[in-house]
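Listed next as structure tokens is one chain, alone, in the form predicted alone.
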């Protein structure tokens, strides 16, 4: 049985549709990133699962228990869910121990048990002995770990993380991503991780759920999302894709239509195709391929990313060296372009 099942959930907030007949199934112990831009409904999904929002339609199951159908609805504090909010929401006037103990006091957990659980949770996140510290005395990374420990101290069956690393720098983000992966493996707690950052999603998930306008539009492995995005939206969200219209010819060959804007309506008989920067090969002007003009070269560490202009197309190609702006080249595709819906 899946750890979480969301069936055709519909949620309106302030007259706006936040979730539209959304369905999702999460396996026990899975760490599932939920990826999408701001306003697509990611946080609303977590809040419905946690019991902080009541949907107008649909139902949610956590483990073997339907938590909002049939009535009465299971309240948030009885769902066995731990949640880390984007703003962390640590009480500044309480010590680290006080922040972790707050929910357990409300559930009347005995004092000795509270102390033991607090020590265990802090040890899990590498903050053993931090009980007497105040949040204001902690670094940003330490505050993130306290928020994570607070979500774990109640021994939840489900962990919900809402953009938990949006306010930390890149170096600390990598460290905390590794910590979240380690905890998921060590504890086996089913985890949903909401983010707008594809790098975070790719670092964490064997599967990634991509959201657009209140729906999950693709739930797939990172490799499939890169190689076979189901739509222009998914392709753009995964980054570094070159989009262009092409006309199919017999034998499966695609002919570029460089004067057609890929963000407008397609010309008659054309399909929208996509290739990655690593799949574009830059050649001399005499070679076969699409003629393009180099606009810039940007060093990427292992390669150079060369920006090109061909008709109405803005393209990027990975190349072993920089190319002088203004140089006329040809561009060819290594492999087969993906056709997008």
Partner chain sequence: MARAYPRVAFALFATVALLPIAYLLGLSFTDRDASFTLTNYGVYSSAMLWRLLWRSGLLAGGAALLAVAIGVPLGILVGRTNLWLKPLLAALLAVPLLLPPYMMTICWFYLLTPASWINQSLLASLGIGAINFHALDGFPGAIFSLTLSYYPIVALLTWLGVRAPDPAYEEAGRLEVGPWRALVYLTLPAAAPYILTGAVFVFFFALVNYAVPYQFSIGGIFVSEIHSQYQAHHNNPQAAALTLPFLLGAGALLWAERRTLGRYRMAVRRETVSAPPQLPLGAAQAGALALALLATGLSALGPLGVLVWMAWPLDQLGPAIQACRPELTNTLLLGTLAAVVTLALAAGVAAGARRGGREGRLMDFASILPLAFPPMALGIGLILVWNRSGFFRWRSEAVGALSDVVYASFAIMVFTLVARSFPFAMRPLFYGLGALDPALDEAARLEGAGPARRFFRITLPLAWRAFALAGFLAFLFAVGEYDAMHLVQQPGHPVLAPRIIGAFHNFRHDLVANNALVLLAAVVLPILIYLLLPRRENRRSPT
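Residue numbers count along the first chain shown, from 1. Note that this is a predicted model, so its numbers are computed, not measured.
Below, we turn to the form predicted together with the partner chain, even though it does not appear here.
At a distance threshold of 4.5 angstroms between non-hydrogen atoms, residue 92 is in contact with the partner chain in the model of the complex. The partner chain in the model of the complex is not approached by residue 326, whose heavy atoms all lie more than 4.5 angstroms from it. Among residues of the shown chain, residue 263 is not one whose heavy atoms approach the partner chain to within 4.5 Å in the model of the complex.
When the partner chain is considered in the model of the complex, residue 150 lines it closely, a heavy atom lying within 4.5 Å.
Stretch-level contact analysis of 185-193, 241-249, 83-91, 166-174 against the partner chain in the model of the complex, using heavy atoms and a 4.5 Å limit, identifies 83-91.
No residue in the set 255, 290 and 316 has a non-hydrogen atom no more than 4.5 Å from the partner chain in the model of the complex. 39 is the sole member of 285, 29, 311, 39 with a non-hydrogen atom lying within 4.5 angstroms of the partner chain in the model of the complex. For the options 224, 77, 116, 206, the one in contact with the partner chain in the model of the complex, meaning a heavy atom within 4.5 Å, is 77.
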